[in-house]
Structure formats: C-alpha cells, structure tokens
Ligand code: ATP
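So this first bit is one chain, no partners, the form predicted alone, shown in structure tokens.
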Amino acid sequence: MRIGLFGGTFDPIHWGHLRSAEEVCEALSLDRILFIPASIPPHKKDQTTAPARDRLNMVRLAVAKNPRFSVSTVEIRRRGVSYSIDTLRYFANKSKGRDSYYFILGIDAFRDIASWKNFKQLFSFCHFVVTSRPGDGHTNPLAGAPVAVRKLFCYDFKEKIYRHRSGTYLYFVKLTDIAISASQIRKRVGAGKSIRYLLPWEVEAYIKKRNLYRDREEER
C-alpha cells in the first residue's frame, strides 16, 4: 500500500488539515492517510493547550467519515517528546518494505528541517511530500531550504523529481489556499467568537463539551 503519514499537533484539527490530506492523497494516488497526533511536539513544547488525549479524540472525530483516513496513536502511546525520526523508524520496521510511506509536511516545516533530530537520516526511511502554504509562490520544495538539506538531493531529469541518495523521492504538492490556523481557532474560542465552518462540527461540539481553549482565569 501507498500510505501517507501526516503528523502534527492538531490543536485543534481543522478543515485546512483535512483538505490538505485529501489533495495529497489524490495527487499521489495514496491508498491511505494516517493522521499522527504528537504527544509533545519538539518545536511547540510550551505552545500546546489541549491535552494529548483531547487532541487525539478530535482527530478521530474529524476523520471518521473518510474511509481513506485513519489515526495512529504511535506518538501518543510513546509519550514524551515526539521526534519524527522515531516515528519514521517505527513505520519502516513495521512495514519491512511491504508498504511505501510518504511523510507529509508543510513547506515552512520543511525549510526548518535541519533543526530536527537526526534530520539527515529522515529521508532514508520514506518519501517526503512538501505542501504549499497560502500566498507562497514557490513550487520547488528545496527553495529556501538550508544548504545542508539541498545537498542531500539530486534532480532526476528522467523522472523530473528530486531524489535522495537512498532512492526515496521528494514531492511537492500545490494545495488549494485555505488560510485557517489552529492558533486562530484557539484565539476565537478564547474570545467567545464563532468557529463554525473553520472545522468539522463534531470537533466544534467536542471543544464546547470539554471547554477547551477557554481562559481559565476568566472562568474563575
């Protein structure tokens, strides 16, 4: 199977995440997308506001109606800081070459990948899929990436794609511009404003039920 690995904080998951996954799935003819909520994201250790269990539950609610979407609890179960190197190694060992994995991340995250743990080893575990962001006109996934990252890839003129020395590929997928952010949603909830149509109604109902993203000082 061709499986997309879509990690993230998902604090909360919203239509931008879901549409991105749908378009990547279609563009690369993937059989399945695994959403992987982080336990503690390395670059956002002090920025997550909803507990890991709530973020996992919201992702489950959001993907329940799409037969090609499912959820992996590998990072939640592992606890501690969620390093991508550990997750990719886990799936590579689990598959033993039977499945092809495609790690999905936004272009901003990719440009910062040199700061990730053991980043040079990441690309040997699976293909990488870099997605566009609203308003960014670049179509080259290596545009703006550090020199240390660019040196790891060469351009395959026959396949018209960037290839890592291990044989994996680097894809770029131009997405429909949907300028929704999780931080925007959290701020709106905290301010008592509507978040309708920014995320699935099941997730909105869960946020209300669990009283997430509210200012605890105001509640007192």
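Don't overthink the numbering: it's just position in the shown sequence, from 1. Note that the coordinates shown come from a computational prediction; the quantities given were computed from them, not determined experimentally.
One more form of this protein should be noted, the form predicted in complex with adenosine-5'-triphosphate, which is absent from this view; the next part is about it.
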Query - Exercise: residue 132 in contact with adenosine-5'-triphosphate in the predicted bound form, heavy atom 4.5 Å - result: yes
Report task. Answer for residue 4 alone: is it within 4.5 Å of adenosine-5'-triphosphate in the predicted bound form, judged on heavy atom distances? Result -> no
Report task. Find out whether any non-hydrogen atom of residue 71 is located within 4.5 angstroms of adenosine-5'-triphosphate in the predicted bound form, and reply yes or no. Result -> no
Query - Partner contact for residue 183 in the predicted bound form: adenosine-5'-triphosphate, 4.5 angstroms, heavy atom - result: yes
Query raised in the report: Which one, 81 to 89, 143 to 151, 120 to 128, 106 to 114, holds residues whose non-hydrogen atoms are within 4.5 Å of adenosine-5'-triphosphate in the predicted bound form?
Result: 106 to 114
Query raised in the report: Out of 52, 173, 178, 195, which one falls within 4.5 Å of adenosine-5'-triphosphate in the predicted bound form, going by heavy atoms?
Result: 178
Query raised in the report: So which bits of 14 to 29 sit within 4.5 Å of adenosine-5'-triphosphate in the predicted bound form, heavy atoms only?
Result: 14, 16, 17, 20
